[in-house]
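The chain that follows stands alone, in the form predicted on its own, written as structure tokens.
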Amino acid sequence: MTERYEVVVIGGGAAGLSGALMLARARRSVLVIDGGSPRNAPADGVHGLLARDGMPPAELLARGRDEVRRYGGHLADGEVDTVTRDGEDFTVVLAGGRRVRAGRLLVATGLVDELPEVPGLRERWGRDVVHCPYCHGWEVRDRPIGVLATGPLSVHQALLFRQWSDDVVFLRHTAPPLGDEQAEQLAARGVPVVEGEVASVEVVADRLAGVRLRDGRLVAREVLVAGPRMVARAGFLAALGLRAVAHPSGAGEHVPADPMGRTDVPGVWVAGNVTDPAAQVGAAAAAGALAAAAINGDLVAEETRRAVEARRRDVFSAETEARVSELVAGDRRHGL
């Protein structure tokens, strides 16, 4: 017999676990399915999260899983292959063939960072190749920083990282030529522009030493900023007619939803980076909790509707039975 849960949470990061915790505390039967590949795994610590700043991501998630279990929530490891509508429920099929049914879905699968194709870049990702100033700025402060420009948002990245270091270089790489206003902004902030495509990342003694341009020049840097293309992990939702679309910021894609995380598909909510690519851990966790509250409210509304319908049926049956009894008694009084 296929297992059934009131809510299945797909994705066990900050958003998914926070939502599962809220639902378990609301006495809902909830299952979290997690593929075990968190986006922030390469990072040494989570930053900007009140009372947990610097905590290793794996430790944060382990604590979250323990809290979900404490309130009766269930967790399962695995990748989701497909999700289909099955009457009023959803059927979730995992890669190993396990099938579960769910009354509601909370999708918190996050995203995948597609990095620029520069040899040596991915191996340094989350260490001395970074992308978010609010996640890594303090840790790389006052060091020589290079911004690998690949698109129109790269200028904004350079201006942001200039807040943490006086030594920032704009490596134009594959970005379009700078407009007059952008060039003036960089010049005004003391950010020199280096023309030429980056061919590789140079590493010495397991430390970033700089980047090598295709013409052979070496630009010495200790930190490299690279803006990834953010791709939502949402392919398994296609059978429901729910697909990721381009995010308005131009940084990648997301699954659209209302402020509570409700999607256009009834019964499906999203939270975290799958719908908000810029959300840090704290924002993702808050979004998961908010979506969970909306899901619980939706379930309460459905339960109340069904209870009212059942009560009306009971009242109608009782009134009908009383009326029939009254008619039978009347017939007997008249000898019928």
Ligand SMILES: Cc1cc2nc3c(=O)[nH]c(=O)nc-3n(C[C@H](O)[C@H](O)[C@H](O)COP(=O)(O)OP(=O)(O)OC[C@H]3O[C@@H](n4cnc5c(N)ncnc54)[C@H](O)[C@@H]3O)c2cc1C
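On a predicted model such as this, the values are computed, not experimentally measured, just so you know. In case it trips you up, residue 1 is the first one in the sequence shown, and so on.
We do not show the form predicted together with the ligand, though everything after this point is about it.
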property	result
Contact segment among 76-84, 187-195, 157-165, 174-182, judged by heavy atoms lying within 4.5 Å of the ligand in the model of the complex	76-84
Contact test in the model of the complex: residue 146 vs the ligand, heavy atoms, 4.5 Å	no
Residue 281 within 4.5 Å of the ligand in the model of the complex, heavy atoms	yes
Any non-hydrogen atom of residue 52 within 4.5 angstroms of the ligand in the model of the complex	no
The ligand contact in the model of the complex: residue 110, any heavy atom under 4.5 Å	yes
Single option in 103, 120, 151, 126 placed near the ligand in the model of the complex, where near means a heavy atom within 4.5 Å	126
Residues of stretch 34-67 in contact with the ligand in the model of the complex (4.5 Å, non-hydrogen atom)	34, 35, 36, 37, 38, 39, 40, 43, 45, 46, 47
